[in-house]
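Next up: just one chain, as C-alpha cells, the form predicted alone.
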Amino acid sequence: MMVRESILHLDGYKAGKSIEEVRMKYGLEKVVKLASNENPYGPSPKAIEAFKSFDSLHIYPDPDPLDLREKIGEYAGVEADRITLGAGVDGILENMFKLFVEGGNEVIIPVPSFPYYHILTKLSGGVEVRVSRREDFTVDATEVLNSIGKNTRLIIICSPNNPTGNSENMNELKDIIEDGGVMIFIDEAYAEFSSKNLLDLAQYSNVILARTFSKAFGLANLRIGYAVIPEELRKYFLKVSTPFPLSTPAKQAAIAALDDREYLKMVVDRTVAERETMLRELKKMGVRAFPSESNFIFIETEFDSAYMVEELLKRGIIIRDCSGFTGCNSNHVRVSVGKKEENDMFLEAMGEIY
C-alpha cells in the first residue's frame, strides 16, 4: 500500500478501554468508566426528544445551519456570522490546519495538552514547537512569545487544559495574542465547568475560540463543535469544510440543549460540587491531585501510571493513563468526575491502593 511516509510512523489517538472490555477481562459485574471526560448525566431530555423527532434521514442536512448559529450566538453573546460549525472541536481544528498549516510551518503547543494537536501537526506536514508549562501547568506568555519564529502559523492553547484541568490567565493570553502576530486557537471544550470565560478574547482578529456540545451538554456521540472566528475568515473556513459537517438530528438536539439552561445548570453544579469533594478526599489520602476547573482531575501518583490503572481496572474503574501524553510523566493519570456513586467507588478504591 502506498501510504504516505508520515502516516507509517504516526501514533494515532488512543481512546480508553470500554466498559464491556473491562467487564469481560476481569469478570466484573459493575464497571465505572471515568476515563473520557463524558457527562454522566447525559443530555437534556428535550435534546433527546428533538433528536428523535427528525425522520427525513434520506435528505442531506443544511451545510451551514443559520438557526443553530443564531442560537449559539445568543448563548455566547456573539453574531451568528462569526460562528462556524464542525464535528466537535476536533472537526473545527482540522479545518484550521487546512487553512493555516502546510509543510514546514510551525505550530506552537504548550505541553502537556490534548494529543490530537500533535497528530494534526504531523498530518499537515507541520513542525511541532513544544513549550513547557509552569509547575502549575499554566502557560508562560514569555516562553510562548520567545518560541515564535518566521515559520510559525498557529498557537494552540487549551483552557481548561486537557489533561491538567487548569484554566489560563486572561492577561497572559492577551500578551500572546497582542504581541505574537499569529493565529491563536483556543480550545474551550470544558468552558462551562470553569470560573473563567474567555469569550472576550474572540474580539481579536487573530483568535479562534472553539467550544463543544460533547461535555457539559452531554452530546458527545453527536459530534457537535463550534467556533467563534473573525467574520472575514468564515468564507475560507466553509471552503475547506466537509460539505455536510452536521446532521439535522444533531442540529435539532443542540438547539434544544441550548434552550434547556436549567438542565445545563444542574449538570454543571453537580459536576463542580463532586469535583471539589473528590479533590478534598484525595488530599486527605495524601494523593497529589491538582486543582481543576474542568470535569476531570489530574493526578500525580506515587506509583507507575500503568500499575495504578491496572489496580483500578481490577476494582471495576476505568481511568486515563496519561503517561503517553507529550509532556506528562510515567506517574500521571486523569480521572473524570462522574455521579456521586461512581466517584465514591473510585475514592474507595484509591483508599485501598494508597
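Counting begins at 1, following the sequence as shown. Keep in mind that this is a model prediction, so the values were computed, not measured.
Beyond the structure shown, there is the form predicted in complex with a further copy of the same chain, which is absent from this document and is the topic of what follows.
- Three-residue candidate spot Phe185, Gln252 and Gly324; no residue lies within 4.5 angstroms of a further copy of the same chain in the predicted bound form by any non-hydrogen atom.
- Looking at Phe51, you'd find a heavy atom of it within 4.5 angstroms of a further copy of the same chain in the predicted bound form.
- a further copy of the same chain in the predicted bound form is not approached by Gly104, whose heavy atoms all lie more than 4.5 angstroms from it.
- Not displayed here, a further copy of the same chain is kept clear of Glu293 by more than 4.5 Å at the level of heavy atoms in the predicted bound form.
- Contact check for Ile156: no non-hydrogen atom falls within 4.5 Å of a further copy of the same chain in the predicted bound form.
- The partner is not drawn, yet in the predicted bound form one stretch among 280 to 288, 130 to 138, 91 to 99, 166 to 174 has residues with heavy atoms inside 4.5 Å of a further copy of the same chain: 91 to 99.
- Residues of 247 to 264 placing a heavy atom within 4.5 Å of a further copy of the same chain in the predicted bound form, in sequence order: Ser247, Thr248, Pro249.
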